[in-house]
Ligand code: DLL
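Just the one chain here, the form predicted on its own, laid out as structure tokens.
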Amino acid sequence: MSHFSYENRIWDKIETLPQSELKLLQVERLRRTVERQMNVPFYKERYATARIAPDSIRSLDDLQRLPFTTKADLRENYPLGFLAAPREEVVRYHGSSGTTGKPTIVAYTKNDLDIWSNLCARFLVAGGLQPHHTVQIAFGYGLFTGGFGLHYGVEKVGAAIIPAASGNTKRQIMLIQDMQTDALVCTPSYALAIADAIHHEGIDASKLSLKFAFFGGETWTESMREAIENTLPIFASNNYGLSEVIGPGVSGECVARTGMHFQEDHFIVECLDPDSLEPVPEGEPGELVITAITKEATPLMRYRTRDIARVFGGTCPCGRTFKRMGRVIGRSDDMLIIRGVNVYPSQIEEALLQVEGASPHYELELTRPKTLDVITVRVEITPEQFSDKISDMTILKERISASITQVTGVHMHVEILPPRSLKRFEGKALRINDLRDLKIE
């Protein structure tokens, strides 16, 4: 992507702050956050037990003395047990999807919303967005933070917005064509569904006006990025966030695509071993633990995200000095342990996309017919490679199986399916169907 220039792609000069100055800012903001959290019974009790006061926070090393916060803590204090600001100062509520129970509710003051939109503007500009562009947002609008976070970030940049929301793929394509959309915002799996529909309808993707895409909301691989960019004429950037902390805007890629830049002036990020909760060496995978140091309404201390990724430093070619993260490899609570081997769904996706003829559309089924776990991988074959010759399909199936075994270290059953036979997702892709009976007798 050598045609991109780094010039004018830094939204806020603080993104180039030297690490020595950044640490001083983080300590001051951490101290103020602990002071604000004294309004939250959960933290007030734990700080009292540990004899922690705001003025005892003198360096980032003091972070180790502070308590972790988990999603279970948020659910136990539903809906507003973590509210640190007077309710009359709250101007917005968002929350998680609540697919496994009640949603985790997070609140925002007016200042929180200003910060949030500014953080989203940072990674949008870093990824190529400019004021003269038109952006089509195909995220859901509602409690989910993705739609509104990106919406206000785009507005902050000054670009035009088409708030298409998720779903109705035919209308999405019509709007892309008729409105000359420059940038697409959605999940990567929905981008695949749009690309698939464009191809199916015989539309020449090279004639589309699309130039950029900003993907988030789910784990995806570099191979999937290549598959999307080979189908749509876009430069796809990755961004990361979670509703409990603020939403999208925690980190995002620049045009150099050397990792996602953390917004370290607003978040302190740790990368810890999920079992020992000790720091992992730089560049090694660990669980991201995030402290929000400027959030007013619901500031969380050392929030355990369960997301596994690598964190590393060093100045990027773009000039930003903040730490970066690699792709989310998976979640510590989504990791599959198959016959003693740790497997993340993203590894299976990576293996599939290494085989010519395998598409990015797949699903996993877990069963335990006797005492051993069995994974069946169902994957669509691309229209170009699909054949009614059994011998051709057998060879392709064997190549897919070998690739999966090589990447994961586990043999899995493979079923190959005709093109467009699996469900397409408008939001986060649901790829795992766990049919195992894991109840303890």
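Quick caveat, the model's predicted, so the values are computed rather than measured. Note that residue numbering begins at 1 and tracks the sequence as displayed.
Below, we refer to the form predicted together with the named molecule, which is not included among the displayed structures.
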{"item": "Proximity to the named molecule in the model of the complex (heavy atom, within 4.5 Å), stretch among 210-218, 277-285, 81-89, 127-135", "value": "210-218"}
{"item": "Interface membership of Ser359, the named molecule in the model of the complex, 4.5 Å heavy atom rule", "value": "no"}
{"item": "Touches the named molecule in the model of the complex: Leu192 (any heavy atom, 4.5 Å)", "value": "no"}
{"item": "Arg331: touches the named molecule in the model of the complex, heavy atom cutoff 4.5 angstroms", "value": "yes"}
{"item": "Interface membership of Gln263, the named molecule in the model of the complex, 4.5 Å heavy atom rule", "value": "no"}
{"item": "Contact assignment for the named molecule in the model of the complex, among Ser346, Ser243, Ser117, Gln172, heavy atom within 4.5 Å", "value": "Ser243"}
{"item": "Candidate site Gln37, Asn77 and Arg302: all three near the named molecule in the model of the complex by heavy atom within 4.5 Å", "value": "no"}
